[in-house]
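Let's start with one chain on its own, the form predicted alone, as structure tokens.
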């Protein structure tokens, strides 16, 4: 009996050891991380920080290579989430905008004029709304770990200052491949044109399109003032949170200890990336705005009344998409923003 028990114990110990070691034997020599933008931008920097922290904290067990320009999906930003779910991509720091065609709830952040300030963004991503959206992403087949930020999307163009919806009439504005963006800019009288960011830059430079909307950090890093984008309006109509995500099969292939390392590294990198994305905008003198003005850019800031005109013009779009996204989720978001600490 003692011998039998000893053998059972020995076999159990071997099985436990095998279970512990087995995941390490399935680790890839390299994990592919998809990014829309490279490390010259806050977005790409966030991916780089995540990769560096993971490599360092796992002593090289998990090595991550960055693939900017969504090169793993031939530059098609809206295909990134599907490729991540299918395993073509191992990891990503992705945009809520780009993933919204596959996960309708992520359109929440693209509702026009929902989030009036950075505190409003934080009230969503760091609260119940953020947790609910992570649950939705998990059901969709990926493992979300942390939030980052691309930033408030401000509008620029080559023609004139934009102070009212009438100023957008007929302007050809580059937008991402999201139906909500098409609805918003159509409601404002513009001519929205979908194209990838890679295609957008030469189109702006050549005058094939008149304008675009993106965070100021991107405007600065991409030197859009050299692409005829001399008129810039700070209207803060939407913001674009980023999400640090891992493919589910890849996640399950790691040991529990390594999963926790990757998760914490994502959280730490996300916090740093958000600070980078907001640099120059949260300080009292907003040095980034001053820098752009110094480059010869005409920066227009809307008065409350001017902003209200845009809110009114886009309200039918907001109401239409509230039903599509889910009224309960939008109501929860509105309450969180109303009770935020400014």
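Since the model is a prediction, treat every value here as computed from it, not as a measurement. Residue numbers count along the first chain shown, from 1.
Note that the form predicted in complex with a small molecule isn't included here; everything after this is about it.
K.L.:
Contact check in the predicted bound form: 106, 132 and 244 versus the small molecule, with a cutoff of 4.5 Å between any heavy atoms. Do all three pass?
P.N.:
No, none of 106, 132 and 244 comes within 4.5 Å of the small molecule in the predicted bound form.
K.L.:
The small molecule isn't shown here, but in the predicted bound form which of 89, 121, 218, 168 has a heavy atom within 4.5 Å of it?
P.N.:
Looking at 89, 121, 218, 168 one by one, just 218 meets the 4.5 Å heavy-atom criterion.
K.L.:
Among 184, 95, 178, 110, which has any heavy atom within 4.5 Å of the small molecule in the predicted bound form?
P.N.:
Of 184, 95, 178, 110, the residue with a heavy atom within 4.5 Å of the small molecule in the predicted bound form is 95.
K.L.:
Specify the contacting stretch among 251-259, 264-272, 145-153, 224-232, defined as having any heavy atom within 4.5 Å of the small molecule in the predicted bound form.
P.N.:
Answer to the contact question: 145-153.
K.L.:
Taking 4.5 angstroms as the cut-off for heavy atoms, does residue 214 touch the small molecule in the predicted bound form?
P.N.:
Contact check for residue 214: yes, within 4.5 Å of the small molecule in the predicted bound form.
K.L.:
So in the predicted bound form, does residue 240 come within 4.5 Å of the small molecule, heavy atom to heavy atom?
P.N.:
Contact with the small molecule, yes.
K.L.:
Quick one: is residue 77 in contact with the small molecule in the predicted bound form, heavy atoms, 4.5 Å cut-off?
P.N.:
Yes.
K.L.:
I'd like to know whether residue 37 contacts the small molecule in the predicted bound form, with contact meaning heavy atoms within 4.5 angstroms.
P.N.:
Judged by the heavy-atom cut-off of 4.5 Å, residue 37 is in contact with the small molecule in the predicted bound form.
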